[in-house]
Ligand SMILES: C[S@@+](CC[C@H](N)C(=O)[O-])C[C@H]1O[C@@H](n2cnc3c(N)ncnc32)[C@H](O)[C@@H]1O
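Below, in structure tokens: the form predicted alone, a single chain.
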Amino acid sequence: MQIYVDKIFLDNYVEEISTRFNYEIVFEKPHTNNYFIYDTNGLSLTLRSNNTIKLMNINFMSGKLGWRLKRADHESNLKKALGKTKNSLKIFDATAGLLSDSMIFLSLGHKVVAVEQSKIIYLLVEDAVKRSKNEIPFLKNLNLINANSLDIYKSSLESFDVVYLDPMYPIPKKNIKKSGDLNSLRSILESENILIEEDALIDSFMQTDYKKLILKRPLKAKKLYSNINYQVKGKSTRFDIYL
């Protein structure tokens, strides 16, 4: 993977990324399909597919996630899934992705360990956190890790109140046009040769010694296990809760 940067924007942060992940810094736009761009907008990813170029940049202050954060109190289904509590929970997000739900958990006053296996997705999110930390105080309660989530969970010395799983499932044909971010994530995983077997991941976590496990599923998806303690249902998704 290459990082394209104008020399005027070259700084210690992008050099540290290059060293840490063995990515090459270049000063001319690459001809490859996927590469990073580092500029005033932070770190972005160029995705080229079928002569179409998409620039992927994560911003917690605007867009869909920014809107969700401004109305976090309205995230009633996520709050119901967590359960009523006045205490700050320790949540292990095993499928961090773009941090969509973890940011809501943080905004509600909880602490989150979020693990993402993809180096590319991790770096985009890490950069978004870096750019937003002065504007979003609760980001201090986030521990973002690039690794295999099951390995991290099993080796952790922390005790978590909640394990959260939001695996990527097949996109219904009628929703494909609305699933831009999900399609981009799949494309990134394919470029890194990361094979995510959703059911196997869930099985592995179900066999761990968890206190509470929340599994996010499409509303009409079949139940994977019969020992669901309760469910929280929305318009298109549901949360299966195991205790």
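Note that the coordinates shown come from a computational prediction; the quantities given were computed from them, not determined experimentally. Start at 1 with the first residue shown and count on from there.
FYI, the form predicted together with this ligand isn't displayed, but the following is about it.
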query: Interface residue in the model of the complex among Ser132, Gln117, Asn141, Ser107, criterion: non-hydrogen atom within 4.5 angstroms of this ligand; finding: Gln117
query: This ligand: the contacting residue among Ile37, Leu213, Met56, Leu189 in the model of the complex [heavy atom, 4.5 Å]; finding: Leu189
query: Per-stretch contact check against this ligand in the model of the complex, the hit in 155-163, 132-140, 82-90, 95-103 (non-hydrogen atom, 4.5 angstroms); finding: 95-103
query: Contact label in the model of the complex: Asn77 to this ligand, heavy atom within 4.5 Å; finding: no
query: 4.5 Å heavy atom contact, Glu198 to this ligand in the model of the complex; finding: yes
query: Leu124: touches this ligand in the model of the complex, heavy atom cutoff 4.5 angstroms; finding: no
query: Partner proximity in the model of the complex: Leu45 to this ligand, non-hydrogen atom cutoff 4.5 Å; finding: no
